[in-house]
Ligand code: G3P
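Before any questions on how it binds or moves, here is one chain, the form predicted on its own, in structure tokens.
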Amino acid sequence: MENIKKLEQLKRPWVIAHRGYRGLFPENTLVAFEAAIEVNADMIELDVCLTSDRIPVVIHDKTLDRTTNGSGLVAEHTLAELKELDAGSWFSAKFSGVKIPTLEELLLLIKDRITVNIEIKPESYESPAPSDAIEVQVCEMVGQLELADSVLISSFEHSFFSRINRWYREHHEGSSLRIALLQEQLLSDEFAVGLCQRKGAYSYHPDEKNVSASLIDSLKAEQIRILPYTINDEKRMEQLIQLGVTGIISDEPELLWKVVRRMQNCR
């Protein structure tokens, strides 16, 4: 599904593919995102940071060592240098030669095909913000490609959000982008809801181990959606669906679909 408004009409939890179909494909690559689309995920989740020549690229770690044959900081390499690297062989030899995608390449691939959660990495936060700050570039791409209704922007660095909201209001009068608070630490229900309200959050994305029935109910009472990460265990998927989460972020979208369909058939 290519529109978040359509997702909101679903009577089931959203199936969100973490870094693409990460369970079977090299994460944050075009092949992983294409695979997620092919298994009918509702949304893909990805990570974005800047190269040394200030191009937003899709990669999770701030270093290259784990998911490429390169080494060192992503931010210390140009896009041309990153495009020389192999981002697939670490996962399996059959993905040899797979490249690190730019955010623009990814958005062009998925446009009108699926919704996307863009996570901006905290290490890309700059203060004061330059004119080509990563959040500005993300907003510009979303606007130019007319993807506002397909995009959710999340981060652990909550300072991005006021900038995103301000920039988008200045350039798109009367509208805003959907933003999501990522949170690893356990917060009280009251504090989590208040934080979302202060930041103008569309949704709250907590570590799944910190999700409770009371948290879900508190968020829903304020019209805030909850999309916990990262759940790959069938029993935990079932528990969270029973508790009423809006969606689940998983490395295993096919497994999640299996659980969703089984539970629907049991009703």
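When you see a residue number, it is the position in the sequence shown, counting from 1. As the structure is a prediction and not an experimental result, all values here were calculated from the model.
Heads up, the form predicted in complex with this ligand isn't pictured, but that's what we're talking about next.
Proximity of H60 to this ligand in the model of the complex: non-hydrogen atoms within 4.5 Å are present. In the model of the complex, this ligand sits within 4.5 Å of a heavy atom belonging to K121. In the model of the complex, no heavy atom of W90 sits within 4.5 Å of this ligand. Using a 4.5 angstroms limit between non-hydrogen atoms, V245 is distant from this ligand in the model of the complex. In terms of contact with this ligand in the model of the complex, the residue from F156, Y125, W167, F95 that brings a heavy atom within 4.5 Å is F156. Distance criterion of 4.5 Å from any heavy atom to this ligand in the model of the complex singles out L182 from the list L182, L85, L109, L195. Annotated contact segment (heavy atom within 4.5 Å of this ligand in the model of the complex): 43 to 51, selected among 195 to 203, 43 to 51, 232 to 240, 218 to 226. In the model of the complex, this ligand lies within 4.5 angstroms of at least one heavy atom of each of the following residues of 11 to 40: H18, R19, in sequence order.
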